[in-house]
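One chain comes next, on its own, written as structure tokens: the form predicted alone.
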């Protein structure tokens, strides 16, 4: 029998109780209709979805994450050094990829570490957006971390790529003064200008640029992964860059996978006060007033359709609110129906240990605290093994 939530969790998060079906609970949140065009018409088929998709992207750009300036001013070059062809006891090839962007007198450099399995001709790839110290993604493998279990990914036939988000922009109140933002210093900031999450997502796309060019990588099967603030970034990166075959949002909470309307734990007011630089200035207008936001986070997840999306929660991560993360995935599911796909295939509100891998939106609820663990990675691997379309060798 699956273990139940601790009693104190149920007291704080009564929405996790089976007081109604997930669909009923979604309805109670009063969410914007993900299929309703701004004209008032309802999207009824996959051919109409691009129009609605474009509307949703523009709203998120204007009101939440900010608009990215044109890259046309940038001179970007990439260099690759193969550090070892017999890494991990001969199982992998290790590359260090340097992505250098310059404009006027400023420049920015992203370093991506990439392990590629030697046993696979064209490898699918997990790209982790690392928001933890670089020691969690040590290319020498002297220091190993469950946060990025590269050996596990190689063992399962996946390339393991990692980008340090702070290579793109610092994660502090001065982030807008340096990193990639410095290359656009002459562009006046407005209330809709990009925040740090959007900058990190931009960096993920630059990594994707390289992965498309590497013949050892199956560029049609690249999945972007993030935890916490990295999970928010992974969803936004996958939303705006449709080259990613999937996006994994691990315990991303507020402004990630969790619905803003009816959310427990961290609210828009909390996150925009503590981390205002993550977002465009307009987002602060919804502090304490999530019902006025013209989108909600289920629409962010829905932007992945018909590609794969994965949302993961931990039962003790009360600040993220597992119920709101789960319901965000439920509420995104109708878009997948347009493509003849099932979104989140669930059997009711999850208990600890629940795993939903049947549909094109995956979900699991792990026991424990706010973290990215080997258990989480094993679930990601299982889901994408089931659903990811790979090139034939």
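Here the structure is a predicted model, which means the values were calculated and not measured. Numbering follows the first chain given and starts at 1.
Form predicted together with a small molecule: not shown, discussed below.
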* **Exercise: residue 240 in contact with the small molecule in the predicted bound form, heavy atom 4.5 Å** => no
* To do: May I ask you to state whether residue 277 is within 4.5 Å of the small molecule in the predicted bound form, using heavy atom distances?
  => no
* To do: Evaluate residue 271 for contact with the small molecule in the predicted bound form, applying a 4.5 angstroms cut-off between non-hydrogen atoms, and reply yes or no.
  => yes
* Given that the partner is absent here, does residue 266 sit within 4.5 Å of the small molecule in the predicted bound form, heavy atoms only? -> yes
* **Single option in 156, 261, 307, 229 placed near the small molecule in the predicted bound form, where near means a heavy atom within 4.5 Å** => 229
* Could you tell me which one of 122, 282, 131, 193 places a heavy atom within 4.5 Å of the small molecule in the predicted bound form? => 131
* Structure fact -> Given 137 to 145, 284 to 292, 229 to 237, 76 to 84, the stretch touching the small molecule in the predicted bound form at heavy atoms within 4.5 Å is 229 to 237
